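This document starts with one chain, in the form predicted on its own, laid out as structure tokens.
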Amino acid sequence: MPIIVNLDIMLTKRNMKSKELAEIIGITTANMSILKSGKAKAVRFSTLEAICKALDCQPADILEYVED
């Protein structure tokens, strides 16, 4: 898949656990795991906004396009 999710990198940079982020943005840890693994089919803009706010980053810090 040409969209890479770099959420784990941002979590490491911010010294935050995925469980903590899930609680802050109001999603389950299971959904956080799906998002982190890149297996999510879609991401709501409201979720992306909450992640960016919690991690003090931009969407491009989390999502990356790589050609096949």
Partner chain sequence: MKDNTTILTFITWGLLLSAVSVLLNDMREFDFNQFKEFQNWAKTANKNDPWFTSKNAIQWSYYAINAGLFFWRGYLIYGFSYFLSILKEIENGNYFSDKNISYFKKIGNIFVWYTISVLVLRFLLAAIGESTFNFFNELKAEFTFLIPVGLAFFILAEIFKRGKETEEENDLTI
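Numbering follows the first chain given and starts at 1. Keep in mind the model is a prediction, meaning the values are calculated, not measured.
Below, we turn to the form predicted in complex with its partner chain, even though it does not appear here.
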Original post:
Heavy atoms within 4.5 Å of its partner chain in the predicted bound form: does S18 have any?
Top reply: no
Original post:
Contact between K13 and its partner chain in the predicted bound form at 4.5 Å, heavy atoms?
Top reply: no
Original post:
Does any heavy atom of K53 come within 4.5 Å of a heavy atom of its partner chain in the predicted bound form?
Top reply: no
Original post:
If we check its partner chain in the predicted bound form, which of the residues in 12-46 reach within 4.5 angstroms of it by a non-hydrogen atom?
Top reply: I27, N31, I34, L35, K39, A40, K41, A42, V43, R44
